[in-house]
Ligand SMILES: Cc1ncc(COP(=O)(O)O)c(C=O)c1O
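The chain below stands alone, shown as structure tokens; this is the form predicted on its own.
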């Protein structure tokens, strides 16, 4: 049997990552902002809520389209969560958001989706006028810029997650634009070995598989073990248990390995390749009526996380793509159980139909063509 020399799984590491120190590295991208590096983005969110002093009588405005892992730390404050609408194109429903504000609103939480930035001009002014904290969730938007400034520059604080974009086992960052939310003397604890290695092993596996494909070794399929796939049959399935906040993570810092690795990634190269791959997908699908991209263009300075498309029969297609060692994701398929978002029909459409195609920096032009051919063949069935 002829073996195709393609591995379109998650990005891995190389020997160079453990020893290099790029000029355009992650630390330099943040450009001396006041930053605290946490084990996960959700740990940064919990720290923020504690620092702000959220009380049970307060209200926090959260977007209807969410993962759930970012919402649970907010929920655990005891404050009332007020949900505002996100439209089918992932834009803010500004009217609904403004109508949701009350005298009890303490925080407005905004998520920048897939690397694309919202226009927050009106919301920033409202927050200043009403003394409301604005938190920008940039977990999906590392390396994106807004008006030539880093995404996350408009709110009181911004949250980042490194594993979403980079092959690192952990790491989240809190950028405190409001310096009252920053602390130099916060006591941070190390992540345990179990937490660390659980996330590191899949990266090592991806690294090995990518090396094998590069060397064109013929026993490739022996080492390929497709991720176990379980189809979600419920109408509104819960998010995975691991997404819920674990209080033992409080004030846990980024591992030393991730801190080292962050110096080795060239963000200019990553942005260039992600944008190239995104544009290649746009070209591949421009005449295909069965594959509908969530975004039809790519604005300047956007570093896209992946290439989201609307597809019918998403779970079955995702299963077949994973079996072909293509790292697609049924994006945010789970519904956070403590929020009722069923009335937000546009959000439910996103939840139920978005399949995210990989575009990371270790995929080349031939990989994108291979992924395109595969998804076209499945959608046409």
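Numbering follows the first chain given and starts at 1. The structure presented is a predicted model; accordingly, all values stated were derived computationally and were not measured.
Unshown form predicted in complex with the ligand; subsequent notes refer to it.
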Per contact check vs the ligand in the model of the complex (non-hydrogen atom within 4.5 angstroms), the hit among 154-162, 96-104, 188-196, 296-304 is 154-162
In the model of the complex, does residue 67 have a heavy atom within 4.5 Å of the ligand? yes
- So in the model of the complex, does residue 41 come within 4.5 Å of the ligand, heavy atom to heavy atom? yes
query: Is there a heavy atom of residue 117 lying 4.5 Å or less from a heavy atom of the ligand in the model of the complex?
result: no
ask   = Just to confirm, residue 332 within 4.5 Å of the ligand in the model of the complex by heavy atoms?
value = yes
Answer key: of 166, 111, 108, 174, within 4.5 Å of the ligand in the model of the complex (heavy atoms) is 111
Exactly one of 74, 309, 135, 139 comes within 4.5 Å of the ligand in the model of the complex through a heavy atom, and that residue is 139
